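Below you will find one chain, with nothing else, as structure tokens; this is the form predicted alone, and questions on how it binds or moves follow later.
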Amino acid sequence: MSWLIAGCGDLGTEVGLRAAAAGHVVHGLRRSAHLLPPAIRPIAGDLGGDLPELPTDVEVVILTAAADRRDVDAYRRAYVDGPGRVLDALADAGVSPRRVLFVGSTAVYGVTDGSWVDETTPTEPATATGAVLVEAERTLWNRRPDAISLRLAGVYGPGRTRLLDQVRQGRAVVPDPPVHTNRIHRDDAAAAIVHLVSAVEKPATCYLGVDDDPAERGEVLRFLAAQLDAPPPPTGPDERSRGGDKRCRNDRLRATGATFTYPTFREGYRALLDGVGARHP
């Protein structure tokens, strides 16, 4: 039996390498399949169009596609149409996977007052793209009621250094009023995916993929500035801040036995600055 990672980019590749290391046969579906490392069997295909023939022994499907633009059409292609095409192709081949996991987003929550959010919080997104993510989950659950949605917050790690770059370049601004932010290191996100599909006997239908510390953005930026020996960022309006103002809980994910190598941004960014981990070839 094998795993299929559809939309096998940076996060999907890390998932695939971990699954392969655990002894699973892993297939990676992406347009530029030649970029995948040898441990992942490449399948060249575009989730936005007709798909090639897929393996007939797929037991686990991981849907990790990412939109190439931040607009409704791109989101619908990536998160609604793409997963539908994958499941259609598998069904046409007579394949019924044991587990299906969709990588979603905490953008399904439109909370703006800094309150706590968990899996029971109503999904009332504040943006049109967030509404597409809600649509994507509902469409998937209508088809596969047992599918898992892992709602990730901002993923950082090797090659994902937006905040570090802003601080280095003097472009970071501490929001006034303060705003809470939520994040997860890429490696912890990948580990959570592998854990949920392979080690949890009866998973719930959704989990929040966030670390232990929904810190204020200003706290994160000041920490990064200190680590970089850079001037503390100024305080003021920051139009780059997005995602509302919420504090996401990871209690449900933790309760499954999931562990974190980087439980807060401090450990994660220190490792990143020390060169721990690397982007995949």
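Heads up: residue numbers just count along the shown sequence, starting at 1. Only a predicted model underlies this, so the values are computations on that prediction, with no experimental measurement involved.
One more form of this protein should be noted, the form predicted in complex with a small molecule, which is absent from this view; the next part is about it.
Honest question, do 12, 29 and 46 all end up within 4.5 Å of the small molecule in the model of the complex by heavy atom distance?
Looking in the model of the complex, the three residues 12, 29 and 46 all sit within 4.5 Å of the small molecule (heavy atoms).
With heavy atoms only and a cut-off of 4.5 Å, decide whether residue 8 touches the small molecule in the model of the complex.
Residue-level check for residue 8: yes, a contact with the small molecule.
Does residue 65 make contact with the small molecule in the model of the complex, using a 4.5 Å heavy atom cut-off?
Taking the distances in the model of the complex, the answer for residue 65 is yes, it comes within 4.5 Å of the small molecule.
How about residue 155 - does it come within 4.5 Å of the small molecule in the model of the complex, if we only consider non-hydrogen atoms?
The answer is yes: residue 155 has a heavy atom within 4.5 Å of the small molecule.
Using 4.5 Å between non-hydrogen atoms, is residue 104 touching the small molecule in the model of the complex?
Yes, residue 104 is a contact residue.
Thinking of the small molecule in the model of the complex, which stretch from 228-236, 213-221, 249-257, 29-37 has heavy atoms inside 4.5 Å of it?
Among the candidates, contact is made by 29-37.
Under a 4.5 angstroms heavy atom criterion, identify the one residue in 144, 99, 76, 160 near the small molecule in the model of the complex.
Result of the distance check: 160.
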